[in-house]
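Next up: just one chain, as structure tokens, the form predicted alone.
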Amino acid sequence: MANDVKPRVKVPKSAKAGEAVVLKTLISHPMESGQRKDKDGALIPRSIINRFTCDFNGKNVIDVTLEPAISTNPYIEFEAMIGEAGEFKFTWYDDDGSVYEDSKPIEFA
């Protein structure tokens, strides 16, 4: 598990019918390639976010496969349309088996 991993998301507080909302996510993650060595010369284990998903009220909104060339602290921005109040659940999956989650509610205006 990578140290000091912190997911952050920005979701509007409310949305109107037919309105697309912009969702912004950023996860602080070092994205170790498995090719660097530590100060003792040992390889640092690979730890890369390889998948990101977002669900709204249990239904998938987006499912992204991230490749090894993704940058440190990946930022993902996308739009979603909602027809009811609910909760967005954001999930990041790490090569080392770690899973990082965050969720945010949204009201329907």
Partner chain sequence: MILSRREALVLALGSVAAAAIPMAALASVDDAVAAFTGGAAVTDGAGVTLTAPEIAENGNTVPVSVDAPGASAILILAAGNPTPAVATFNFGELAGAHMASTRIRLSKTQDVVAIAKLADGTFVRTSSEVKVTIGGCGG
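Numbering follows the first chain given and starts at 1. Just so we're clear, the structure is a prediction, and the values are computed from it rather than from any experiment. So that the term is clear: the rigid core is the largest set of C-alpha atoms that superpose within 1.5 Å between two forms.
We do not show the form predicted in complex with its partner chain, though everything after this point is about it.
In the model of the complex, its partner chain lies within 4.5 Å of some heavy atom of E67. Contact annotation for E77: at least one heavy atom lies within 4.5 Å of its partner chain in the model of the complex.
Although the partner is absent here, D38 sits far enough away that none of its heavy atoms falls within 4.5 Å of its partner chain in the model of the complex. Its partner chain in the model of the complex is approached by M81, whose closest heavy atom lies within 4.5 angstroms of it. Interface residues of 21-46, taken as those with a heavy atom within 4.5 Å of its partner chain in the model of the complex (partner not displayed): L26, P30, M31, S33, Q35, in sequence order.
P45: CA moves 2 Å or more between the shown form and the other one after rigid-core fitting.
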